[in-house]
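In structure tokens, the next block holds one chain alone, the form predicted alone.
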């Protein structure tokens, strides 16, 4: 690796590790925890939508499966969160396998695939709202038990580092994709699926692997969300807001790049906090600003912030 990149990564890691000790309040610490959580979700989306070009409008289905999976195992079956978490992540991967198997087997892509993922998220939202086992319309409240085996901690610092670890795992997966044959095949499918088939690439298998990996990463974020808030309900776990958060970060930061989702999440949430500080907590203000930013990015910077940085460096 380039020595300059090693230095930059090392400095970035040290800053990230020191950040929670430099913030002045729990509110700022909560801001960074939420930013990292949604950055990790954006990284999960980027595996499928950025590198693979299979745009999902329903990544909440994987996020919610992870959140509800761990909640049900803990509350209804008494499984400690440390053991429930891998099971919930595995369940999220299985949901990805099922959705991918159904969608890709019948050649769904583009807007058709996007609408199918959106439909599955809505179906799951309705299902968990309908059964008492999953809390029906009231949601599920996870008991407070601040022990590591329950993935609950008395300090927010531990949650910050857990969110940072999720981002690190996602970035490691992205680096693997960028440097592996699997990643090269995935990008080839994104650029021209028919040409990739003609070259002998097993398109179905590669896309299926991408959605399973993406789903597992998103489910892991859902597990974190449940343990951090100690409450899940159908609207927040499977609702469209989660799916929008998943795709906004990569689009703003730069889809199909390793750091794009992280940079996009920081920009989006930073913009929201700046607007809140300037105008006060106005309901719906974040959504308006995010929509405006998305329109501006698609119009003037379709390659995202990473693309703008690369263009600036090319002209420097």
Partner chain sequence: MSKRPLATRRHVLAAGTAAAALMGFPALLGAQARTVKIGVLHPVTGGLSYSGIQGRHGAQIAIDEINAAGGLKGLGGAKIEPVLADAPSGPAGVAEVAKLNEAGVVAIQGPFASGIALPTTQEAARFGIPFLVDVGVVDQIVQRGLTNTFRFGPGFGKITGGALDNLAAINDAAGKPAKTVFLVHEDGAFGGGMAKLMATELPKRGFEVVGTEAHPTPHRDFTNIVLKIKSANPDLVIPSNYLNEFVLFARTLRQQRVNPKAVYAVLGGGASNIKFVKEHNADAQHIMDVNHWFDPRKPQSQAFQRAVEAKGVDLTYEVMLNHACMHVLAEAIDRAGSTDRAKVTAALAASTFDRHIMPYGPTKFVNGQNEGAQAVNTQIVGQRIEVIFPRAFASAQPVFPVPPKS
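Positions refer to the first chain, counted from 1. Bear in mind that the values here come from a model prediction, so they are computed numbers and not experimental data.
There is also a form predicted together with its partner chain; it is not shown, and the following applies to it.
In the predicted complex, its partner chain sits within 4.5 Å of a heavy atom belonging to residue 146. At least one heavy atom of residue 137 is located within 4.5 Å of its partner chain in the predicted complex. Among heavy atoms of residue 190, none comes within 4.5 Å of its partner chain in the predicted complex.
Although the partner is absent here, residue 78 is not a contact residue: none of its heavy atoms lies within 4.5 angstroms of its partner chain in the predicted complex.
Only one listed stretch (155 to 163, 182 to 190, 196 to 204, 67 to 75) carries heavy atoms within 4.5 Å of its partner chain in the predicted complex, and that stretch is 155 to 163. Contacts to its partner chain in the predicted complex (heavy atom within 4.5 Å) from stretch 25 to 45: 25, 26, 27, 28, 30, 34.
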